[in-house]
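Encoded as structure tokens, the following chain is the form predicted on its own, with no partner shown.
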């Protein structure tokens, strides 16, 4: 019970609320954490009471008994007949109970009493308060010839685009698409602005749907695309073997509420548009969430581009679709098995390099970028600014869409969030409180989450919370500040702190590789003389930490040992490119920033303020 309580307390405190369109997900989903034994007991109870259920790829499908529409006394005798009623889904990773028909959401433990036969005497079914989604665009019409031509898709006819359910909004000059859940209920909408060719997604507070074109017949295969242009091209090609599905949030996130609608497909083909660097590995991350065994991937090359590019170049779309290869290989024994992967990397080398920092161009020059699946260790003397630098380092990436999870055991989330907000704004808001609401709203749009741990914590609940966040929110970057706070609380290590630290390092190394997530660990160095420079061997513990790490960053602070001493960041290990070097760290106290670009912009604004009165 205590462990369950710790896990519940450790669930993520979300900064990004449902105000953000790109990252809108159900806040309730964060309270779900699957207890394996509880899940097995639940399935056993379903069998004992002859409750219809079907074990799917990602969810357990069963008849819904949580809503007040369910009548225990009048039920069809056969399981086949019961399967035609309202169907609920239990996510096999998180334990989230979801019914897309009646919009009831619950945890597995709360749903358990509804499936007792007879029902528990204290159980009361939830009243139905289904809130129908209301469109933001009431003045929709059929697509006109001008709107069809504005898309720029060669050969596309008005009749074709109207046939796939697209509508046109003449005042805002946009195309409108409906998002529906597994019960085919309208839960949101996606729009394509014809003026600037941008996309927006609008959804309800607790639902998430997909844009799906099924065509004729009951198909068991589907093609997943990440943008509306590719969706239109494939949906109008009359492909009779695959349904066409457009992801609601492109490659930013795939909410778990979307998974029930994909259960019926035996094969999913990812044909995605890698429009920026942080989306490069999205297909593999989504495949893990959808069950890799049924997922295929079309890797982006010059001969196999995205659908709308393929149509423009007059390539055979069906031929490219037939070339899709499995995401997961059981074994790779020949060069030919790796050939497409190598070609794809060579043709997209900048994207493979990773996400570029905008505040720290020196890091781009040395590290080439921020890549998934790597382990970075940052160390430096006490008081040298490790947390302050790491917060700005992570903020830079989050502002470019890298979904970030902070685990700060040393300082509380309120103080950490205040530091991030000040770095985001560029100046303190103490005497400008009238601006707080504006900047807080802007900051909420960032895909950033916080764990609620503080002080010493054992490894197991921390990893459980991280794995939960990675699955639910598609986390791409995890920061642990700092590693020493996870030591000394496990009775199994018998006081061997070095053995314990090695086990923690190995666990995070394995997590980064298995889930393709970048993990940044902040660690204290050994106690050494102030006048000596820190090296990779200065990291506390055995050599395992630096051996497992892909990158080792060291903050060298010589201000206390030399009159003109400087502080700088040393890249002491770089497994990707091998480039080593230093980056000077000049600190701006007002902005809490080490970025030269931020400081230059501040000086430019100060000059403008002083020259403007004179000019007037």
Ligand SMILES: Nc1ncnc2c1ncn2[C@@H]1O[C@H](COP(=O)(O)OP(=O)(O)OP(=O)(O)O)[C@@H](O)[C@H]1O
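Residue numbers count along the first chain shown, from 1. These figures come from a predicted structure and were not determined experimentally.
There is another form of the same protein, the form predicted together with this ligand; it is not shown, and what comes next is about it.
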(request) Find the only residue in 249, 386, 372, 289 having a heavy atom within 4.5 Å of this ligand in the predicted bound form. (result) 386
(request) May I ask you to choose, among 359, 176, 515, 524, the residue with a heavy atom within 4.5 Å of this ligand in the predicted bound form? (result) 524
(request) Report the stretch among 140-148, 193-201, 319-327, 386-394 that approaches this ligand in the predicted bound form to within 4.5 Å, counting heavy atoms only. (result) 386-394
(request) Classify residue 382 as contacting or not contacting this ligand in the predicted bound form by the rule of any non-hydrogen atom within 4.5 angstroms, answering yes or no. (result) yes
(message) Against this ligand in the predicted bound form, would residue 43 count as a contact residue? Criterion: heavy atoms within 4.5 Å.
(response) no
(message) So, residue 567 and this ligand: in the predicted bound form, are they within 4.5 Å at any heavy atom pair?
(response) yes
(message) Whether residue 263 contacts this ligand in the predicted bound form should be assessed with a 4.5 Å heavy atom distance threshold; does it?
(response) no
(message) For the stretch 407-445, I need every residue with any heavy atom inside 4.5 Å of this ligand in the predicted bound form, listed N to C.
(response) 410
